[in-house]
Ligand SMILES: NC(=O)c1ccc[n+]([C@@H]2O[C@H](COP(=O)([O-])OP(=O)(O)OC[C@H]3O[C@@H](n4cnc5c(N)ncnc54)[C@H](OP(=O)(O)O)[C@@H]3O)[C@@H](O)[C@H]2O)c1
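Given as structure tokens, the chain that follows is alone and in the form predicted on its own.
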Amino acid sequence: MTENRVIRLKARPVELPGPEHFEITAEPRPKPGPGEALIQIEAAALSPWQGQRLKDFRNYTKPFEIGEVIDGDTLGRVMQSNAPELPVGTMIAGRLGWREWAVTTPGTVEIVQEGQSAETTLVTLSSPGLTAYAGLNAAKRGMPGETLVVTSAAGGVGSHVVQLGLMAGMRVVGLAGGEAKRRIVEEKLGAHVAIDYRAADLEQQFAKAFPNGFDLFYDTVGGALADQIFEHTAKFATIVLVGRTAANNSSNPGADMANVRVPWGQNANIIGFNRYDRPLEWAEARTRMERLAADGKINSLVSWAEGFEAAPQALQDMLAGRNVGKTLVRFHS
């Protein structure tokens, strides 16, 4: 077969995207030119920023254009090569998007170590793991005995934050949606306290979990949940705003985070974290996370979707909170 299927944005969603907002088109398979290599993409990682870019509102990144191929992190194998740095058979990782085949150059992709799993490559040593480490680093990390609270603790980023917080000797409180995810945070990740944020007695659980308030809040969600947690800010606490899932999945993104009365009164430090503006922290995060992964000290939670055409539905499932950990789609095996 010589075709190359790609997935493009067909229409902008108002809230959560679905398969109806995308279209799969077939194009001729590209041919590598001088200094280029042809990659067969085996897997793609789905990220909240992809959902943000589907919508045409102001954010830290440019929205997708209608008809544009969906961008994203991928894992693939070199099948043809005119680049000595990328010999045939080499596994690579890079931003090649939702397509089955892509042409690339050595400077735009990373060579994956032989035997390194897709989970390690696309999760721990990619945006989720590195965002977790770099975001904590931006907060000057935590101290042993301090209380760290993490939203979306069963997600790709949050699950790594929980593990890193425990390594630092912090008392870790993880929030997740539903009893199944709550148990993963408690039993598999080892958080000291795991809370289902959908619980009817949420405020009572917060009061018990933060008897003296939290010292560090790593937030990837925003919205009303973050506002409620803010009520438990300890003196001189640090709040790291890493993601705004509640706002970005809403038709009213301006409604995010209104209650800063208590953080203000407690002299809290609120930090906005965007990985693209922190290259030094990102480089350090890569070095440290590579070491932790090699030593088997940190693990990734992953939900797999099977088949190239499964990507749009998998994105909806991820943004709706139906999946555990990082969502990966297997295009080809």
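Note that residue numbering begins at 1 and tracks the sequence as displayed. Computed from a prediction, not measured in an experiment: that's the story for all the values here.
The same protein also has a form predicted together with the ligand, omitted here; what follows describes it.
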Please tell me whether any heavy atom belonging to Lys55 falls inside 4.5 Å of a heavy atom of the ligand, as the geometry stands in the predicted bound form. no
Looking in the predicted bound form, any heavy atom of Ala311 within 4.5 Å of the ligand? no
Is the gap between Arg198 and the ligand in the predicted bound form 4.5 Å or less for some heavy atom pair? yes
Does at least one non-hydrogen atom of Leu164 fall within 4.5 angstroms of the ligand in the predicted bound form? no
Checking Ala168, Leu225, Ala234, Leu202 against the ligand in the predicted bound form, the residue with a non-hydrogen atom inside 4.5 angstroms turns out to be Leu225
Just give me the single entry in Thr121, Thr238, Thr245, Thr74 that has a non-hydrogen atom within 4.5 angstroms of the ligand in the predicted bound form. Thr245
Which among 270-278, 26-34, 64-72, 303-311 is in contact with the ligand in the predicted bound form, heavy atoms within 4.5 angstroms? 270-278
Looking at the ligand in the predicted bound form, do all three of Ile92, Gln116 and Arg286 come within 4.5 Å of it through at least one heavy atom? no
Between 171-189 and the ligand in the predicted bound form, list the residues on our side with a heavy atom within 4.5 Å. Ala176, Gly177, Lys181
